[in-house]
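One chain follows as structure tokens, the form predicted alone.
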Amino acid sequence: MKLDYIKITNFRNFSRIILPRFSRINMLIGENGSGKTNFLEAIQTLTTLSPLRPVGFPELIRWGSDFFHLHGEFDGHTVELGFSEKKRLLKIDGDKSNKAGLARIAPVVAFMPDDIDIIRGAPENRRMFLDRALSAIDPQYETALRRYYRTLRQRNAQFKLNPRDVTIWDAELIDWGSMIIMKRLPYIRILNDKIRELYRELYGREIRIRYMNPFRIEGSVEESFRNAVKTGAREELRRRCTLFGPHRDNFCIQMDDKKSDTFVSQGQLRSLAFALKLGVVRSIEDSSGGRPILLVDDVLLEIDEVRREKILDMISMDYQIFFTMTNGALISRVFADCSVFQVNGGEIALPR
């Protein structure tokens, strides 16, 4: 998939930007705060309805405006997203649509500086990573996730209102939660195979992902979940919250049976985060047959030159890529034929 055209109106620090053409390899060069990441976020928001950073749509509107509008063209398909306080509109090829239609049109994977927190950060970062990755390839997963968290909120509220009635939410919690776990487990195995190969190529070391959840799975996931809720009911009543379910699951990446964040360097952690995201890219390709657009936001400086060139080789042949950086020398040595856009104060200059 390829982005051919984009128009950005009142988004972040952009008033109005029209860029009518892109190459396969595109570099956005500018100082920090100039708007480089905001441009990537416009692509991400248009194609996934999820900003790069954890903010709501109102925070994306340019200061002093009351709406934003994004319009993109991808290999002959058009995607249009508009948002204001009173209205939100998504159109694909001129017709009103929903998020499920976007993944088929323009899958996107972003490589961000805070990806390293997937590995060394809190469990919620890893759950968010899994949820975004699976939602990109499985609309049913996103539905289950939405229903599960709605039930979880209602169940936790019931603990405070009338704890004796909390069991009325158990069946729905177990149904949706089991579906989430049953989709996560095979995905973890797929991702395991992909990042093991990628990291072996980068560092010659073996790694594996270990998935962890707060109850032991014996037999079916659903029955194991039900038993955990039943046997843990007294402790849940004491603590007045839901203690079992995918909202408490976690995973870690191990090398030689040690957690990866206990002994590797910053560059190795950055390479591992890159391998993890590239595993997501390849899982999208396996699922859809299409190649995602890659958004690479200034994440290569911490990686040593040997590994950096290997990473660039991994992504150089088959993907449209948008790099951001303050200095393009690192990339220009590898990609002789690329478009360079200068970004300054919310303005983007077309390449000459």
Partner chain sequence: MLPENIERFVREFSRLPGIGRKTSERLSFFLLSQPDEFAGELADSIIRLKSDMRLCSVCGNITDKDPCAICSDTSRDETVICVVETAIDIFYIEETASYKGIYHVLGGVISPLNGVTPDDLALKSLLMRATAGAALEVVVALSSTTEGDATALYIAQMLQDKGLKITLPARGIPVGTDIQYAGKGSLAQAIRNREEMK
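Positions refer to the first chain, counted from 1. In this text, the rigid core denotes the largest set of C-alpha atoms whose superposition between the two forms falls within 1.5 Å. All figures in this text were calculated on a predicted structure; none of them were measured in a lab.
One more form of this protein, predicted together with the partner chain, exists but is not displayed; see below.
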| item | value |
| --- | --- |
| Residue among N192, N125, Q158, S135 with a heavy atom within 4.5 Å of the partner chain in the model of the complex | Q158 |
| Position in contact with the partner chain when the complex is considered in the model of the complex, options E218, D165, D95, E85, heavy atoms within 4.5 Å | D165 |
| Per-stretch contact check against the partner chain in the model of the complex, the hit in 112-120, 199-207, 234-242, 166-174 (non-hydrogen atom, 4.5 angstroms) | 166-174 |
| Heavy atom of Q254 within 4.5 Å of the partner chain in the model of the complex | no |
| Any non-hydrogen atom of P139 within 4.5 angstroms of the partner chain in the model of the complex | yes |
| Touches the partner chain in the model of the complex: T151 (any heavy atom, 4.5 Å) | yes |
| Heavy atom of R147 within 4.5 Å of the partner chain in the model of the complex | yes |
| Residues in 213-228 with any heavy atom within 4.5 Å of the partner chain in the model of the complex | none |
| Displaced residue check between this form and the one not shown: L145, CA, 2 Å or over, core reference | yes |
| Post core alignment: D75 C-alpha displaced by 2 Å or more between this form and the one not shown | no |
| Core-superposed comparison between this form and the one not shown, R120 Cα displacement 2 Å or beyond | no |
